[in-house]
Ligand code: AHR
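We begin with a single chain expressed as structure tokens, specifically the form predicted on its own.
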Amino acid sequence: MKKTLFIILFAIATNCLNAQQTMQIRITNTSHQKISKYIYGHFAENLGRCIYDGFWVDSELNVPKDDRIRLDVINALKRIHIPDLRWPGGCYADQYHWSDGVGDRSTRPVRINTTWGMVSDDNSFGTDEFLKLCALLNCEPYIAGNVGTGTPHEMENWLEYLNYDGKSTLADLRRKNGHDRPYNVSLWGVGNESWGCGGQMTPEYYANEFKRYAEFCKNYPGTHLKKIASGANADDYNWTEVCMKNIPLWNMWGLSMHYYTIVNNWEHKGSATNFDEDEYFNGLKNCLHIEELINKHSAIMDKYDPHKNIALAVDEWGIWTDAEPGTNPAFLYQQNSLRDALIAATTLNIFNNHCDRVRMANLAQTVNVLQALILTDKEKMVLTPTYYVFDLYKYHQDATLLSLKFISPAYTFQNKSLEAINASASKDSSGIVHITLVNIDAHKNITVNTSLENLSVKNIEGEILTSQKFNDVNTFDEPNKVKAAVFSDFKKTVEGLSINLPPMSVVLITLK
């Protein structure tokens, strides 16, 4: 009995020692790089219940609306200061014809969304509705033009409708449809995933198509287009090489790259809620892989663009799981857990730290699809854990990146290990410093001791996002299970600050 008790006490003592680790972070005010606000962009494809039944609801639904735009969704997104919204796709962009979605709604043609579920689209949500949505959100529109089934002439006409302030048939049509002044849309995607659903093109063929289409994407007075080329799928480095070599750099604002965190494989991606630590660990490992992709794509871009004038635009990213049981699998509706919030926070830290090249990113997708910020069910609405990450991180937008130097402890699981801590920091125009730290370790508290060089601090505040289990979610019945809260487990030290990060947590520290 005494021997058994000794073993139990020794195990408890060992676990207590292992449950606490310490690391050092050195923060310096040496960077002059800006963290572009566009890194915090979002994506709303005409897919499943993102647009229809998400943003754009039945006129009889008993929620506050402007026309048919759902205002509780709008107000939630305004709080996190979304800078831009990408639409109409995604894969849907290359089968979307803009003229179907303007004018009298009762006469707009009904089309079939052959990409996402073979469902009918009455085109009641079109160009003018999207631009009104962006105006309500106080964000910039990012439109993906149709290269797959469209023509240069069609894209040229769309831009004239949007941006021309003079006398023309298309500008007058916009005025007739209720908008006298031009929309001045500048963020413009020339196709989407042209290597796949956008046309199954080779990079050489797409580079020529980009040049052909881009020639007719005109800069109307008052609006200079930021043309974004359809870039690589994950680790297709040859696509980046060919595009950077063959597309004139003066004609391209950005080159996109898409990467989704898949826990298992594309056929069996894994459950959004029913997963164990093995899948938790694998999800974080695959999320962290995006940094290798950024480094390798950036190295290729550096060969042709050493001054980093061209943005790497990660305009589709996030975790993609199996659809929720009982829902249409083509609608890509998935729940959103604490794990997903840690993936979002980790990814945003990586983007921030690579802001010299990554100057745009768009989480997929905003409402009811993939790693959504918001889920809705008729009148009900719930904010996901990922929403709260964007609320914590909004202060980095257009702030100056601060340099962080540290060696992270390991998060070890079944003889595999990952860096447990990731972080980024910035200083805004008023001199306030924001540090975002993520502890992905499922079990251990980690104390982070920071040294603050050349940074004067009078007031310190903190917020935290965490929960008891990595698969905790917010539901319509329990909407506040995973929610940001005040954080105070830190203290000022001679060198700077000591912060105790709980397992599976995202922490924002504000220094004033």
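Since the model is a prediction, treat every value here as computed from it, not as a measurement. Counting begins at 1, following the sequence as shown.
Only in words, not in the display: the form predicted in complex with this ligand, which the text now covers.
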(request) Would you point out which of 455-463, 38-46, 480-488, 59-67 contains residues with a non-hydrogen atom within 4.5 Å of this ligand in the model of the complex? (result) 38-46
(message) in the model of the complex, does every one of 192, 320 and 332 come within 4.5 Å of this ligand, counting any heavy atom?
(response) yes
(message) Only one of 258, 359, 174, 297 gets a heavy atom within 4.5 Å of this ligand in the model of the complex. Which one?
(response) 258
(request) Consider the chain as shown here, without its partner, and state which of 370, 311, 421, 314 has a heavy atom within 4.5 Å of this ligand in the model of the complex. (result) 370
(message) When the contact criterion is heavy atoms within 4.5 Å, does residue 365 count as touching this ligand in the model of the complex?
(response) yes
(message) When the contact criterion is heavy atoms within 4.5 Å, does residue 90 count as touching this ligand in the model of the complex?
(response) yes
(message) If we define contact as a non-hydrogen atom of the residue within 4.5 angstroms of the partner, is residue 275 a contact of this ligand in the model of the complex?
(response) no
(request) Verify the contact flag for residue 116: yes if a non-hydrogen atom of it lies within 4.5 Å of a non-hydrogen atom of this ligand in the model of the complex, no if not. (result) yes
